[in-house]
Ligand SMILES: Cc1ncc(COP(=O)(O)O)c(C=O)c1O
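Below, in structure tokens: the form predicted on its own, a single chain.
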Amino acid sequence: MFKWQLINDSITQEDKQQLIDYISVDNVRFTQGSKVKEFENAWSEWLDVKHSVFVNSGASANYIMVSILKELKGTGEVIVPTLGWVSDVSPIVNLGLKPVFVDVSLETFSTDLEKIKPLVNKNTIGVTLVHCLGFNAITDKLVDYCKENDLFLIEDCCESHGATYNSQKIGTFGDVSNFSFYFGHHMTTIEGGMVCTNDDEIFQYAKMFRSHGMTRLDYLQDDELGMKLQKKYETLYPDLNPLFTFAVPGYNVRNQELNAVLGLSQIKRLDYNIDRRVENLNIWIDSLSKEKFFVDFTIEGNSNFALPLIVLNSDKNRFIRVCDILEDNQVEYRIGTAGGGNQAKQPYLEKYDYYAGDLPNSDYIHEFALYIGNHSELKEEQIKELCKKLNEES
């Protein structure tokens, strides 16, 4: 058992009581309904975005976003960073698109416009930007470039709830974004994810892809846009039953009322959890040796997900000693950071068409970086003591 885990149990007794109270109500419908809608509205208000669609995982949200990209842009190439989760890439290959891997920077664990531009060609239809470990990756130049070149911009914010750029929350800059509420993230619905957009058409696509591709209005989710969409398809396809008209090849990735009840309880503490995580990162960076570890992260606007550790000078022996120190002190860690490091090295790609050129930073992070858990319950002394051991014993 680890004394310092990647994930602490963030579900409080108050959260559990909210679930108990809801379960105790007579004639409750537990599948997607009014609580899901309430949580979607609360999330949209917190993020300051027009539309949010609650689904059963952040990974399902990835599939919905790439499905919308294909529906709007057709087939082609999608630029995607090497650091992220497998679900940033798997929808691209499974939907017949071509992932083009782009290198990342050590400062943000994500990519930037100057790395993206050389990879754009006539076949490029979209860019996936992954905000890794709570670091912001958005810039005005990147957003403008995507608009000028008609590139569909996806923001994966699954590890970065509340990160900002120029005081605006990430997940509001691209065409569409997603967040994960998996158990170990800034807040949790145990499993769950959100698709977010300011675009009415993308919102309708997200709802259809969530629920089998049907144009039918969701239970207790009636809205003016949805009614217009259903009426449109009734007019275009009068021979079809409007209750069973499938406009897109969708999925069944709806979420449940219980998950939404938990989300509504957890969101009340989200800003506090973010603030504490940021404080912990600052203590971590300030306490690490600059001679042994990389500390020049771009921390402005971050909402740290996990505490990163990159060994300098390709020192494999030091990296091994670091792992030994963490294990001796019962600190859980993950090598390669988000998703196990460089996704371009993974075997699932071998049967698919993809491009991966020179990826020096991704390869370095893959070999010489790791992260440990960041929790709102961590104490300053606890962080400093571990840093002292890493500095002196490695």
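What you see is a predicted model; the values in this text were computed from it and never measured. A residue's number is simply how far along the shown sequence it sits, counting from 1.
Only in words, not in the display: the form predicted together with the named molecule, which the text now covers.
The closest heavy atom approach of W85 to the named molecule in the predicted complex falls within 4.5 Å. When the named molecule is considered in the predicted complex, S57 lines it closely, a heavy atom lying within 4.5 Å. Contact annotation: N62 falls within 4.5 Å of the named molecule in the predicted complex, judged by heavy atom distances.
Although the partner is absent here, F294 is not a contact residue: none of its heavy atoms lies within 4.5 angstroms of the named molecule in the predicted complex. Taken together, the three residues V130, S180 and H185 all come within 4.5 Å of the named molecule in the predicted complex, as judged by their closest heavy atom.
Only one listed stretch (72 to 80, 267 to 275, 87 to 95, 110 to 118) carries heavy atoms within 4.5 Å of the named molecule in the predicted complex, and that stretch is 87 to 95. With the partner omitted here, the residue from G192, G126, G263, G171 that has a non-hydrogen atom within 4.5 angstroms of the named molecule in the predicted complex is G192.
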